[in-house]
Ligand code: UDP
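Given as C-alpha cells, the chain that follows is alone and in the form predicted alone.
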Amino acid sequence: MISLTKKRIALISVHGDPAVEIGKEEAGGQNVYVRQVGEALAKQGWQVDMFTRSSDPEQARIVQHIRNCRTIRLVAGPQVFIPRDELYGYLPIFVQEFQKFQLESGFQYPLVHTNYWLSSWVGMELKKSQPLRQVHTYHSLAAVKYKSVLTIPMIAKTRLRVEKTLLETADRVVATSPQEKEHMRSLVSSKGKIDIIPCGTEIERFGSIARSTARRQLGIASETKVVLYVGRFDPRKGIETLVRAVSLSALRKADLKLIIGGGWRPGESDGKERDRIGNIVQELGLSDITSFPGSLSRDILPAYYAAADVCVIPSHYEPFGLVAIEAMACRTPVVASDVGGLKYTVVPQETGLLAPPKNEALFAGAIDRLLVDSVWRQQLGQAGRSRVETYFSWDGAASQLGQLYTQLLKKAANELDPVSA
C-alpha cells in the first residue's frame, strides 16, 4: 500500500534541470529557482525531490544535492536536448514515469510545486489520479511573452489554454512580484488564488568578494569601467540593445570594457543568437572592448558581479529578474528594463536605474550616468545590498513557501478527516 508522506514534496521542472550547469541551453533563472528553493526547504525540514526530464543518457538518474534534497531525472522521450516548445507531446510519458517512481518508492507526494506551464500540465494530470495539492510558479506568461516576439510558436494556443486552466484550478499560484500578479489577473484570468512570494539569492555567496580582489582575480585594471551582462543568449534578453547602447556611450573611447557572460551551443538557438550578437559587436567596432567569457559557474559568478561598475539587464520582459538581485547583493548597481518584476526588484534612483526596453539611447544615458559618478554608484550599490538582505534571501522565500505548503496540507488533512480536525 502506498503511503502519503506529509513532509515529502515534489518540485517539478520538466525542462529546467535543477542539477544542470547554469548558462547552458535554456538553463537560467528557473533552474536556479528550483534548485535553491529545494535546498532551502530541505534545510528547513522538508524532504524535497525535484523532478526533471533526462536529456542525456550519460547524466546520473538521481543527483543528491544535500541531505533530503535530490534531483530525479525521468526518461520521457529521447534522451537529447529538446527545445521547450517541442516538449508538450512527451508530457504524458513524464506523468507515467512519475507515477511509476511513486509506485516503486512506496509513497505518494501529497503536494507538488510545478514550475513553468509544461510542468503545470503534469501537475493537473497527476491530480486526476491521486490526492494532491498543487502549487505553481509560472516563471513566464504566454500572454506577456507573445507580445514581445516576432514569431508565435505552434504551441501558443495550447500554452495559453493550459496557463488559464492552471490559474483557475491550482490550489495556489505563486507570483514572484506584484507586477506578475497584476499580469495574471489582467491577461490570464480573474479567477484563482495567488500569493506573492519573491525569489531569493545566496546572500552569503553573492557579496563575499571585494571589488579590488575580484578585479585582480579576473585580470581587470582598477581604472577600467566595466559593463556586465549575465544570462542566456536569447533575443528576448535584449543583448542587442545593450551592445548598441555601449556603442553610443560617451565613454566608449575611454578605458571601457563590455563583458557578455553566458553559455551557448554551436548550431542551437542560443549559439545562433551568440553569433548574431558577435556580428553586431564587430559591425559596431566594439570587438576590442567586448569579451564573451562563456558560461559563468556559481564559483566565479560573484567575482564578475563584484568587478563590474554596472550590471545591465535589457530584457524585453522578466517576471522577476534573478540577475538583478544577484548583482545588487554584490553591491553593483543595475540598469534594467522597466518591465515586469524588474520594476519590483530594482528601485529607481536608489538601487539602480530603469529604461524602456529596446531603447538603446536611454540605456546608454543610464549606463553613462552610473559610470561617471563613482560616489553615487557606491551609494546605489550599498542600497542594493541592503534591499537584498531585507527582502530577497532564499531562506526567506523557502520559509514563506513552507508556510503555504503546511497550510494546504493541513487543509487537505481536515477534508479527509473532519472529525479529528
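All values derive from a computational prediction rather than experimental measurement. Residue numbers run from 1 along the displayed sequence.
The same protein has a further form, the form predicted in complex with uridine-5'-diphosphate, not shown here; the description that follows concerns it.
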Go through 219-227, 235-243, 86-94, 166-174 and give me the stretch that gets within 4.5 Å of uridine-5'-diphosphate in the predicted bound form, heavy atoms only. 235-243
Answer key: of 322, 307, 311, 111, within 4.5 Å of uridine-5'-diphosphate in the predicted bound form (heavy atoms) is 322
Go through 32, 40, 69, 366 and name the one with a heavy atom inside 4.5 Å of uridine-5'-diphosphate in the predicted bound form. 32
Against uridine-5'-diphosphate in the predicted bound form, would residue 118 count as a contact residue? Criterion: heavy atoms within 4.5 Å. no
Residue 348: touches uridine-5'-diphosphate in the predicted bound form, heavy atom cutoff 4.5 angstroms: no
So in the predicted bound form, does residue 79 come within 4.5 Å of uridine-5'-diphosphate, heavy atom to heavy atom? no
Classify residue 326 as contacting or not contacting uridine-5'-diphosphate in the predicted bound form by the rule of any non-hydrogen atom within 4.5 angstroms, answering yes or no. yes
Can we say 333, 352 and 370 each have a non-hydrogen atom within 4.5 Å of uridine-5'-diphosphate in the predicted bound form? no
For a quick check, can you give me the residues of 281-319 that have a heavy atom within 4.5 Å of uridine-5'-diphosphate in the predicted bound form? 294, 295, 296, 298, 301, 305, 318
